[in-house]
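Single chain ahead, written as structure tokens, the form predicted alone.
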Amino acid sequence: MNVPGPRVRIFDTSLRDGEQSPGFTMSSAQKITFAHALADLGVDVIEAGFPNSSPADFRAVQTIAREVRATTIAALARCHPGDIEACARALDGAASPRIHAFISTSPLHRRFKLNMSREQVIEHAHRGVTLARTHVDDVEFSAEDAFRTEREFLVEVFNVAVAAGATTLNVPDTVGYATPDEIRALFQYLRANVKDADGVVFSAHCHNDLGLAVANSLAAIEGGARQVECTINGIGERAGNAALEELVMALKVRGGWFGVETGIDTPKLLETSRLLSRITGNQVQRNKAIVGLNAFAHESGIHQHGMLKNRDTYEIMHPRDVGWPDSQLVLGRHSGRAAVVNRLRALGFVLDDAKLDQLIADAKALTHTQHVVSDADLLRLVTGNPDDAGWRIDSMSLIDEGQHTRAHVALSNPDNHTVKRDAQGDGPIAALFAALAKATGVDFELESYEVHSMGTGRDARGEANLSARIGGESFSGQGTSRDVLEASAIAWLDVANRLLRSHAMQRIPAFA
């Protein structure tokens, strides 16, 4: 029988540290939507914002505090009376409010940022925590730039904070300078030297400037931290914070090593990640751990062969554990015979050796101008009939109408009849996708959309990749062209055609 390990609180600061970083600003409505998603995910603490920074932040914290009842809602404050009073007003009526008060403690910050002596920093920390405790019972105190603070002074500040009523002590590596061994040792030192250390929760807040935020957070847990401050997709100041999804899955997959648990509902990680991407317009990199498009995708023939025999050969967690429907065996330049045979069988085809050899050669030739070989490509290669590809572009045009763009498309449908439609949108892509939806009768909500260059010089082509979820099922599309708008249209139709083929798969005959 598995005995549950100690609980590590997950403190999510996507709405505060993440949202205040360049490119990730959210409206109040978006912050409220995302706060509900974080609560559904099972985070223990949501840091909703910095109320005294702006009226919009105050209103967002206030609404989240009143609407999100199943988790602790924290608001950030400097150890200034005005900040703390603003937090108290914003959190009024919260089911479980927390004021998170901080002050810089390192010599560098004391001299150049605060122009304060040690004694002044201690006085401000004491007054700040004391005032916060008059409003709420749950007060977190952070020593900003704690890692670069003298150890004995850090203990002195924390002792004052605990005596004033702090219930959580946060130890930030504010500039991402630490290494795992140093972080582990610092937490062990603090737990051994701070008075009444067993009566408070030690928290880690690690930044990713050297790419060590998750590793440092795990080391902090080994050193005794029982709260970790992190963000979805690792967003945050500069290079970001520890990525919640990576941290949580490391603790889950390597539970025997770390011996702790979280309350995160891990199958919701992918949908929460994608919600944040839609809200901010910032997609995660393809090879991002856990939630990137390549996280459970395999193109190498050697890997694909192993996956077909036993997925444990190349995957240490199941895709469904984090929200993916399944692994993907992607057909590309490095794919092997076994993966092609497996994909053909899924499409309803069985080829003899000679035809299979020719198809593999033709498929690999396609990879000189595109990254992957789609199901539509395989159907064309097997049958020799381009009509089997489904909807195809005959022509398209876009007209700038000032405030809007109008797209005109002419498509060949699966029955080889021409369909013409036009639609208006806020920009060329919105108009183009709307026209495609009207022409095909297929509509879906995009989860991600990316366009980038493939190749260099005169051989460069635009490649578009998009994904959508329809009826609980995920579909992805890819298109390449010298024109990025055409590549985008091809990718959109690739999704539409995949959807149509999935509904008609049982009608595809065997081919030998």
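All values reported here derive from a predicted model rather than from experimental measurement. The numbering used is simple: start at 1 and walk along the sequence shown.
The same protein also exists as the form predicted together with a small molecule; that form is not shown, yet it is the one meant from here on.
Across the options 171-179, 254-262, 409-417, 309-317, residues that bring heavy atoms within 4.5 Å of the small molecule in the predicted complex belong to 171-179.
At least one heavy atom of H207 is located within 4.5 Å of the small molecule in the predicted complex. Of the heavy atoms in T149, none are within 4.5 Å of the small molecule in the predicted complex. Although the partner is absent here, F102 is a contact residue: one of its heavy atoms lies within 4.5 angstroms of the small molecule in the predicted complex. Residue contact check for V291: none of its heavy atoms lie within 4.5 Å of the small molecule in the predicted complex. Among the residues T272, T440, Q227, S142, the one placing a heavy atom within 4.5 Å of the small molecule in the predicted complex is S142. L76 is the sole member of L76, A219, V157, V373 with a non-hydrogen atom within 4.5 Å of the small molecule in the predicted complex.
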